[in-house]
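Below sits a lone chain in structure tokens, taken as the form predicted on its own.
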């Protein structure tokens, strides 16, 4: 327990992960309001969401991996614009998940591209948990 508190204190002191942690808590609060049995985000559910294919934007069958690849440590390419996408994994790209405003923007856009709708708090939290644990 002392180690966990030390890591949390260091993270808060150094500004590491604090913004995304706050956003994750907001998502958890929203998920709990929607489903009283909510007990936390799940990386396995997030992985399933990330790799599942759907008829998305422009009627094309895609998944998150269509642009971000099956290896989140590698660069991807947007299937609609052909623009290079930096690695999604925070382990490979220190900028990932560091700006909550940017995270919200891209979650909204990407869920709309793949699912033709905005993601739920549970889905967003699960996908972020998968990405963070990748």
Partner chain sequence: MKKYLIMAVSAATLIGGVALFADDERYERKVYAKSEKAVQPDMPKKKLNEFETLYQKECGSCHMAYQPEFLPKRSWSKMMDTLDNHFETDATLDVNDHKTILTYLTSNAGDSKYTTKHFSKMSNSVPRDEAPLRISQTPYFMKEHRGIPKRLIEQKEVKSIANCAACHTTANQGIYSERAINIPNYGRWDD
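Residue numbers count along the first chain shown, from 1. Fair warning: this is a prediction, and the values are worked out from it, not measured in the lab.
The same protein also has a form predicted together with its partner chain, omitted here; what follows describes it.
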property	result
Contact flag, residue 112 vs its partner chain in the predicted complex, heavy atom cut 4.5 Å	yes
Contact label in the predicted complex: residue 35 to its partner chain, heavy atom within 4.5 Å	no
Partner contact for residue 57 in the predicted complex: its partner chain, 4.5 angstroms, heavy atom	yes
Touches its partner chain in the predicted complex: residue 80 (any heavy atom, 4.5 Å)	yes
Listed range touching its partner chain, judged in the predicted complex by heavy atoms within 4.5 Å, from 22 to 30, 100 to 108, 42 to 50, 68 to 76	100 to 108
